[in-house]
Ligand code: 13P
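Listed next as structure tokens is one chain, alone, in the form predicted on its own.
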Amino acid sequence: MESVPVTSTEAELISEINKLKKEKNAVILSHYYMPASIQQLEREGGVADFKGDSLGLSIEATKVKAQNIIFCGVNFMAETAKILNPAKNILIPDKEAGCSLASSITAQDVIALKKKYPGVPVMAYINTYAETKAECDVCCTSRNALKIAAQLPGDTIIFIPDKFMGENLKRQIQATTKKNLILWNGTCEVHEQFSSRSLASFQKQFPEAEMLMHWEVPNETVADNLFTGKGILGSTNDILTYAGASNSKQFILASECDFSSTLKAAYPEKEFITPCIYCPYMKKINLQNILKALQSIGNNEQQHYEISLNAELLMRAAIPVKRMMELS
């Protein structure tokens, strides 16, 4: 991670956080969409013990030996960590860190879909809440969705909840497996803002730049701006890998703005241009509330930060999440 300038107050926060992590037997997991100061690893002067995408963090959550996990992401991610570590304390620095996509579908919606399409497997994007996951057959991330879809039985799959990701996947899944996708009408309020017009303007300004597009970007934008030139449509991890392997020195990023910090740190010799669209939920996490979450461990304040799911829900939601990891 590139060095992040900090004020004396921020430096003090970082120092206190890293001190408390050891005292409280805690680790910090950070998503790529976190602000750069939170993504930065402790050994590089930051606070994170691990950073990654949804799948990477899900896997890391199963390896963590510390009793307390501070999850710097949004609620559905922290829930996934709890599902995989029911005996551990999973804390999120702000429980208001939600997700427009996860909120677009409920468990009752999935039950209704299964009644409408009996026998059709339901593949849920990891961007869903535990109650929704519990009604599904398998979860997926943007990194492994194609691989998992290919392994599901039958010629039709219900894919929830992101309609844009579903439309982008549908084209490739039909081409490789002949399977059809039934989609839900959910969207990510960040990625849906990447319009054909805005990206076309960037391409005009930077004609040599390659396009880096997340699966959640609208299908029309992908068709208009990617298939006319070089680039990739994929997960955050796919984008990271592609940018490193490409000979291009200039890229246009169609994803959450702070992901550009990850890319710039990984490839400082390359230029990443992006319409800066931030996830308001991810930005609810900051150094101040990370410190408060750590300070709460072991006292009455812990309940304000800890993810709590009942035993039955944990058991049912674990089935599609663990199946995802097996099929990945």
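All residue numbers are counted from 1 along the displayed sequence. Just so we're clear, the structure is a prediction, and the values are computed from it rather than from any experiment.
What comes next is about the form predicted in complex with 1,3-dihydroxyacetonephosphate (13P), which does not appear here.
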Worksheet item: Has each of 53, 191 and 235 got a heavy atom lying within 4.5 angstroms of 1,3-dihydroxyacetonephosphate (13P) in the model of the complex?
Response: yes
Item to complete: Answer for residue 76 alone: is it within 4.5 Å of 1,3-dihydroxyacetonephosphate (13P) in the model of the complex, judged on heavy atom distances?
Response: yes
Practice prompt. Spell out, yes or no, whether the shortest heavy atom distance between residue 135 and 1,3-dihydroxyacetonephosphate (13P) in the model of the complex is within 4.5 Å.
Written response: no
Worksheet item: Should residue 258 be counted as a contact of 1,3-dihydroxyacetonephosphate (13P) in the model of the complex, where contact means heavy atoms within 4.5 Å?
Response: no
Worksheet item: Taking the shortest heavy atom distance, is residue 221 within 4.5 Å of 1,3-dihydroxyacetonephosphate (13P) in the model of the complex?
Response: no
Worksheet item: Counting only heavy atoms and a 4.5 Å cutoff, which of 84-92, 194-202, 119-127, 152-160 contacts 1,3-dihydroxyacetonephosphate (13P) in the model of the complex?
Response: 119-127
Worksheet, complete the sentence: Picking from 168, 142, 225, 104, the single residue whose non-hydrogen atoms come within 4.5 angstroms of 1,3-dihydroxyacetonephosphate (13P) in the model of the complex is 142
Discussion item. Need the contact residues for 21-38: heavy atom within 4.5 Å of 1,3-dihydroxyacetonephosphate (13P) in the model of the complex, sequence order, or none if there are none.
Written reply: 31, 33
